[in-house]
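There is one chain below, alone, in structure tokens, taken in the form predicted alone.
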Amino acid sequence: MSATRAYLFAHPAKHSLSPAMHNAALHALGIDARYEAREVSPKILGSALEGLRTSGAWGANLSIPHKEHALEWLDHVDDAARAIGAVNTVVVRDAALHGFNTDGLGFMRSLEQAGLMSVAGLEVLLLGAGGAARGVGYALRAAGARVAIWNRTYARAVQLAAELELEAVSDANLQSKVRAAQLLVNTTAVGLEDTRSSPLPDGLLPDDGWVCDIVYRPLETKLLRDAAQAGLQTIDGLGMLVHQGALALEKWLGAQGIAGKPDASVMRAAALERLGKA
């Protein structure tokens, strides 16, 4: 049996598409290795990360709720992940733990794949202020977008906006900001496993432009369904998942000196099959 070389640490972990994606990519590259999801509660995150040092593993992906809390356990964190304040990829190199964030670049690649080739100068509204919003907001701002952020708890929006030099949006200003947004991105969990809920009130959508939801189960959330019916361009959340995963695998292989670049189309097909949509 192939040795496990990379992990997903998440809580919960059992419904993750990451093992299907990564194992398909490894198989396509002819690499005898395996990716495995592990249920890791916040209480044991530190010991799980420490265990990577001598396990022979290449590293791990981090998902909810670990992205922001892992930094204290790592030996090195790259500048982007430090600025974002969240890590989703840990690379083991000479028993040292190196932290990166591939969420932002993965998100940007998903936009390009959908046909949105540049966000420079666009009015963007992010919904949510969690770990995913950090990566997405950082990447959008770095690409020249004008980014505002709304969160159900306004204080969290204010805090993240201050850290990433974004604009915080209050409930009082939400409607006008949504209407004016040229790209609206839901980074909250509203709509996850639920086709009836949207992070926005019924009828409130941008007047024109793009709507993206990083939720990928279901692939078409209520937000995206409403946006499509209103004639807006939509982008599902699977693209970000696939591309951030491909970037993480690229980092692990590079650190091991293994040639080969993960095929994002192979990873997406595997994820779709796992979702039952193929």
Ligand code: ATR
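Residues carry their position along the shown sequence, with the first being 1. Given the structure is predicted, the values throughout are model-derived calculations rather than measurements.
One more form of this protein exists, namely the form predicted in complex with this ligand; it is left out here, but the text below deals with it.
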Open item on the list: Taking this ligand as it sits in the predicted complex, is residue 106 near enough to touch it, meaning that at least one heavy atom pair lies within 4.5 angstroms?
Closed with: no
Open item on the list: Quick check on residue 132: any heavy atom within 4.5 Å of this ligand in the predicted complex?
Closed with: yes
Task: Heavy atom of residue 88 within 4.5 Å of this ligand in the predicted complex - done: no
Task: Proximity of residue 110 to this ligand in the predicted complex, heavy atoms at 4.5 Å - done: no
Task: Proximity to this ligand in the predicted complex, single hit among 177, 146, 98, 156 (heavy atom within 4.5 Å) - done: 156
- [ ] Could you spot which one of 93, 82, 152, 76 gets a heavy atom to within 4.5 Å of this ligand in the predicted complex?
- [x] 152
- [ ] Sort through 162-170, 177-185, 122-130, 98-106 and report the only stretch with a non-hydrogen atom within 4.5 Å of this ligand in the predicted complex.
- [x] 122-130
